[in-house]
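Just the one chain here, laid out as structure tokens, in the form predicted alone.
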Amino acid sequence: MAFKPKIVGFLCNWCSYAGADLAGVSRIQYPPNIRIIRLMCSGRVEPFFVFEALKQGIDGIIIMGCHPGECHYMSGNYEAEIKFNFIKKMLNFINLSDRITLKWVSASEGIRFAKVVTEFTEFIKTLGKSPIQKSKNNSDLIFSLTAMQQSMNNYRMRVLMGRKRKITEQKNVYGEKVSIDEFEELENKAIIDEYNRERISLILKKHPLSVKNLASSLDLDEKSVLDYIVWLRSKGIVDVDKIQGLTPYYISIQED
């Protein structure tokens, strides 16, 4: 049987959803693989639900919004683009970034809507089924996606996403302006750090491990793991469970 991709579309109410509606009433053909989730604005896309869709075995995800400069809420589509780029960077860690795309479609572009859905569906067919679907229950991928969900939901990441445009386009109270390159260097480090901290926190919920065990399990160097452990302990997220010989074993103490 031919592969029929399962695709989720997050569409803004005013433009891309209206474009989808126009495609329908105009009887413009496009693959029926897409399942649409209607949002008031593309800027309301929550990274948590993008990762959740991938965890459930969805093969591809399209986020659609108004063209830049045409958002009904002034800058919602710019916020969507920032979130999208954060998500893509996360998904690069597990080679799933090709399974998500961001497109601009206006209310008058029924033909463009159909073209976007058709082209993305054909592209996903070349990638094949979601690796989670292929293995029925790919625990390693689900573990990584869960860590991404949690890291993108924490305060530091939300501040970086929410204030990126303001920080890079306007001067701060000291008359200084942060360049895109400077901000993205900070952003990239934050993404790596928060992802690894969440991975450590999650794995320590299962059973206590030493720094050496964690480094081996997560393919990290021991110094980095120790630095993460020190930070997690300072926040009351993990603590020492036991000491065997001279080696401390850590466990997560944070409530779900």
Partner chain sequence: MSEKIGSVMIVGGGIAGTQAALDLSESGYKVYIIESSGSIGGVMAQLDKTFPTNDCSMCILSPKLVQAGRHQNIEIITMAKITGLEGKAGNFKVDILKKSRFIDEEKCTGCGICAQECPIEAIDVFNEDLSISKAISVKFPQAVPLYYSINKEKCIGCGICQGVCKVKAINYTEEDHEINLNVGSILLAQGFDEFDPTVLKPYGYGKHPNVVTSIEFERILSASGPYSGMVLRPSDGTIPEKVAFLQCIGSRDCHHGKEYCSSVCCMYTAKEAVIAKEHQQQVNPTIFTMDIRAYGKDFDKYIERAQEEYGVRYIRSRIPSIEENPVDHDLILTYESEKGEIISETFNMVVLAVGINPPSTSKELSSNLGIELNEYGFCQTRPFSPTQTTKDGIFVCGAFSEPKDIPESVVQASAAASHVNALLSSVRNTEITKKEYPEEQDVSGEDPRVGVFICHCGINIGGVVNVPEVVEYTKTLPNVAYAESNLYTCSADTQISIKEKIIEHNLNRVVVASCTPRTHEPLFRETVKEAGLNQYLFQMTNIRDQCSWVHMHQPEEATEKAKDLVKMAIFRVQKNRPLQELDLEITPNVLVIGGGVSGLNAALNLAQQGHSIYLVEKDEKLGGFARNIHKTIEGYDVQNYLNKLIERVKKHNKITIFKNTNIKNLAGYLGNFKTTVINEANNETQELEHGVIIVATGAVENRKNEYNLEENSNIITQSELELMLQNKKDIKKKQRIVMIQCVGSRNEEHPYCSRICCSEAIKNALSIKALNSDCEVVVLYRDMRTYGFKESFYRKAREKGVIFLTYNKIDNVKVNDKNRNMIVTVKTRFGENFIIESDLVVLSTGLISPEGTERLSKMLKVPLNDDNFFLEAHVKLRPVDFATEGIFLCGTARAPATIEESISQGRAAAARAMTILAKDVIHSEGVTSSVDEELCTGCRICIRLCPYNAIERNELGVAVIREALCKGCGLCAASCPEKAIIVKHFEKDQILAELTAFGGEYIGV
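Positions refer to the first chain, counted from 1. Remember, predicted model here, so these are calculated numbers, not experimental data.
As for the form predicted together with its partner chain, it is not shown, yet the points below apply to it.
Its partner chain in the predicted complex comes within 4.5 Å of a heavy atom belonging to E52.
For F93, no non-hydrogen atom is located within 4.5 Å of its partner chain in the predicted complex, even though that partner is not displayed. In the predicted complex, Y155 approaches its partner chain with a heavy atom inside 4.5 Å. Contact check for V25: a non-hydrogen atom falls within 4.5 Å of its partner chain in the predicted complex. Shown alone, this chain has one stretch from 38 to 46, 187 to 195, 227 to 235, 211 to 219 that lies within 4.5 Å of its partner chain in the predicted complex by heavy atoms: 38 to 46. A heavy atom within 4.5 Å of its partner chain in the predicted complex is found for one listed residue only; from Q150, T101, T168, N85, this is Q150.
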